[in-house]
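The chain below stands alone and is given as structure tokens, in the form predicted alone.
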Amino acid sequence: MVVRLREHYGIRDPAVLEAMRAVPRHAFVPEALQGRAYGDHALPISANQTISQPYIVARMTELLRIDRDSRVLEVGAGSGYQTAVLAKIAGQVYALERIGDLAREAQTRIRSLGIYNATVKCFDGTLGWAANAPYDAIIVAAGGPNIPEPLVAQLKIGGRLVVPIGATRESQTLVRVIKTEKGIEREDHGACAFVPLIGHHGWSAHVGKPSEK
């Protein structure tokens, strides 16, 4: 998997490659799918959610530009795989997951792997986690209709937000936002497809509708 990330996809950050090597991806997927854990694809987990394709995890992490001095917010922890990868690189990771059972399972899973610099909480991730702000980097592992304003507000100046944005729930563009003293700079980094970002600043629970702001 790591060789493919480096040689086929061009992932270059050595810290990202080492984190992808160190975290046992099979521990974050259902037992019946563990034989496919290191394949080049997303996989289903419980509650109709997914664990992202390894390339997407590595690419989003690389775009964050984090190190041991970084405080990171993750929105959409799912089974906790991305959380664990971030925790291998960053100093502190705060992860939000709107589905209670997933949040509890993710917290238990990362602790069982000896990861203690990451915390998972059940909450509407589109609102961020203001108590621990400001963040050096924020990653959103679900696709929304717009860039959630509270997440930009909780970034440090110079901080990076990586988020899939699209006009429909089915497809998005991977976007990196860099916060500056004058506002934000937006970069597009290619097409992607994520589960919908549900919440006050994402999609509503009703199919096809953005949430009320």
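Numbering starts at 1 and follows the sequence shown. Treat the numbers as computed from the prediction; the structure is a model and nothing was measured.
The same protein also has a form predicted in complex with a small molecule, omitted here; what follows describes it.
In the predicted complex, I110 stays away from the small molecule, with no heavy atom inside 4.5 Å. When contacts are judged by a 4.5 Å heavy atom cut-off, D124 counts as touching the small molecule in the predicted complex. Under a 4.5 angstroms non-hydrogen atom cutoff, the small molecule in the predicted complex lacks V93 among its neighbouring residues.
Contact annotation for I198: at least one heavy atom lies within 4.5 Å of the small molecule in the predicted complex.
Note on contacts: among N146, T173, S70, Q49, the single residue with a heavy atom within 4.5 Å of the small molecule in the predicted complex is Q49. Distance criterion of 4.5 Å from any heavy atom to the small molecule in the predicted complex singles out L102 from the list A133, L102, I115, I89.
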